[in-house]
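A single chain comes next, written as structure tokens; it is the form predicted alone.
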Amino acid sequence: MSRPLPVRALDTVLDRSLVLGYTTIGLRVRQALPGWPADPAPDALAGRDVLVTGASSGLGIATAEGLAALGARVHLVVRDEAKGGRVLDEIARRRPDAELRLWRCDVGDVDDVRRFAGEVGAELPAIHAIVHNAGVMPPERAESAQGHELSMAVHVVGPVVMTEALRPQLEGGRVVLVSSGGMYGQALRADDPAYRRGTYSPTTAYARSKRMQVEMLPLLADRWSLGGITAAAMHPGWADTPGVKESLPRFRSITRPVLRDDAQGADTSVWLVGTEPPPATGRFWHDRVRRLAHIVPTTRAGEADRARAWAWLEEAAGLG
């Protein structure tokens, strides 16, 4: 169902205002407007296997539960097995019919990602989707086992390595990168993906890595389309997640009355995995609608910067 022009105009106003568009206010208004994309069918994912990284807290739990509600066999990919086991039990109590499986993987460690992918690939002949939800915001600059700045390792390098390793199983499937609206405030830093220059800021590092996700998405989508894989990035808006509570306490104290809950933040991820036909590949989404990758001209990347960033990613992820 196409949306009337006044509806599209209101949606754009909500999106640009941030406070209205990114909070629970924006989602509720959009859901009430004509043209809100339909929910996936109740059994849209019956019999299908879906992986969710970072599935032991916040948006990851809500994403896993939302996919289970559509009938998926959900594979919870976590770094902390004990915590993940507790989450699995919690979801199972709320949804006794859910099919759940727990896996351990440190998404920031390329070697561990390849080990995990080998184990999963040997067991699952077909994977319908991977939701790359795992996230970090270290208070001080940290590096992965391979020497990559940790935000880049977890949000960019690890997801690409995992997807590449599971391409045979993902043929005809979907990949969702959970990004952040914070990337709108950052340009692509192809000159410093390791964040070695200037004073380190956790929020800036996080946003830079999310900008890298979105800038690399069209190139990754082209690469993965050879196997019929569709790729999308989305941002959840402002959700009251454990990460926000721990890393942005002042922001949370100001905005808490209008922050989205985890299920509202995860809505578009679940929709992207379950809706039919598959959404067009290589797009950036928020509240089930394609969004622009840039709001202000100063964040637009030139072809040279994008090529330089791609060369860095090829080396970091070992793309052949």
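These figures come from a predicted structure and were not determined experimentally. In this text, residue numbers run from 1 along the sequence as written.
What comes next is about the form predicted together with a small molecule, which is not displayed.
Residues placing heavy atoms within 4.5 Å of the small molecule in the predicted complex fall in a single listed stretch, namely 73-81, out of 168-176, 120-128, 186-194, 73-81.
Proximity to the small molecule in the predicted complex, taken as a non-hydrogen atom within 4.5 angstroms, holds for one residue of Q264, S57, T275, T281, which is S57.
Though the partner is left out of this view, R211 does not reach within 4.5 Å of the small molecule in the predicted complex, counting heavy atoms only. For T241, a non-hydrogen atom is located within 4.5 Å of the small molecule in the predicted complex, even though that partner is not displayed. When contacts are judged by a 4.5 Å heavy atom cut-off, G158 does not count as touching the small molecule in the predicted complex. When the small molecule is considered in the predicted complex, S151 lies well away from it, no heavy atom lying within 4.5 Å. For a residue to qualify, one of its non-hydrogen atoms must sit within 4.5 Å of the small molecule in the predicted complex; all three of D106, N133 and P236 qualify.
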